[in-house]
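Starting off, we have a lone chain in the form predicted alone, written out as structure tokens.
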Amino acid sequence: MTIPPPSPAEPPTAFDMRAFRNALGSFPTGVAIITTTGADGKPIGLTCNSFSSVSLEPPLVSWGLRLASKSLEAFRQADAFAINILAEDQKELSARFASGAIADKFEGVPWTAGHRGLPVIAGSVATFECDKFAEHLAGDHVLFLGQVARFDHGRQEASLVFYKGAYMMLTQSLRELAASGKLDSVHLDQARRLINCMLLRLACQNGSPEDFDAIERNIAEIENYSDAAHRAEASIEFFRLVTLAAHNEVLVVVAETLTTLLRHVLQTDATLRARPELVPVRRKILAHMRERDPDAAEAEMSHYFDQLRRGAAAREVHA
């Protein structure tokens, strides 16, 4: 009996990181500030939306932290941490503890010392004060497991929620403005210009060669599309990649909320057409990013939005 040779293995399909991220974003999550104390006794905290319950017996919870985080070693060395679940009216705290520009995140923030002296933030919807149970390396994150020693959920308020890359309250507020006619295309363009220019300056400073390579691949993708709808979606991806290169989670929230509105506008725009003249502008923006020249990059970004505005005005004239 002759055994046929095994069939050649099919080549693995490329993993679509963008689609994976979007799929993960369809699951709403709460927003928490994770706190601990450093070796010098000073409080440390960061914003997180990866908190999850693990077990009831024993009472275990988990959260994840990027390997690139500046706070990673402090949490790896700590024997305990607290999870402070934020309420809707604590958006400012979320932004404060997500910012890399604020040296003392606890300045002016009311908190008390809890289990093992852990910083417990006042006004939280719930708090979980934990002894570290285990930690595991998981891809580009470290997964921390904690055994809950104390918890409190005395405040009966709605929790702050993160959904599809944006805070639900912010997204809903902007959509209501648009629906009421108070957020027109001019205001949307102004907001996008300001936010994206800020992100671009940060991307020139914080972006990695890998970030810039991803943007270059995206520009090539835009050039390959012949229909306006696909080019428009790929163009949105261009700005998302610039946003990621900035490595600022607060501005990511605002930028992606504006993108949600922009996508809605594009889906209802019957006059949408391809804009091949914008491709060389994108390439100039990327070149200045690689040169770490924020002034030149911002000038090109402003030129980009001027071109968009002129194109929109021309469509309105001919409509």
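It should be emphasised that the depicted structure is a prediction, and the values quoted were computed from it without experimental measurement. Start at 1 and count along the sequence shown; that's the residue number.
We do not show the form predicted in complex with a small molecule, though everything after this point is about it.
- Of the residues given (V252, L65, V281, V61), L65 alone sits with a heavy atom within 4.5 Å of the small molecule in the model of the complex.
- Think of it this way: in the model of the complex, the small molecule has a heavy atom of just one of H230, R201, H141, R150 within 4.5 Å, and the residue is H141.
- Though the partner is left out of this view, C48 does reach within 4.5 Å of the small molecule in the model of the complex, counting heavy atoms only.
- Contact between S69 and the small molecule in the model of the complex is found at the 4.5 Å heavy atom cutoff.
- With a 4.5 Å cutoff on heavy atoms, S99 counts as touching the small molecule in the model of the complex.
- By the criterion of a heavy atom within 4.5 Å, K105 is counted among the residues contacting the small molecule in the model of the complex.
- None of 240-248, 119-127, 69-77, 211-219 except one has non-hydrogen atoms within 4.5 angstroms of the small molecule in the model of the complex; the exception is 69-77.
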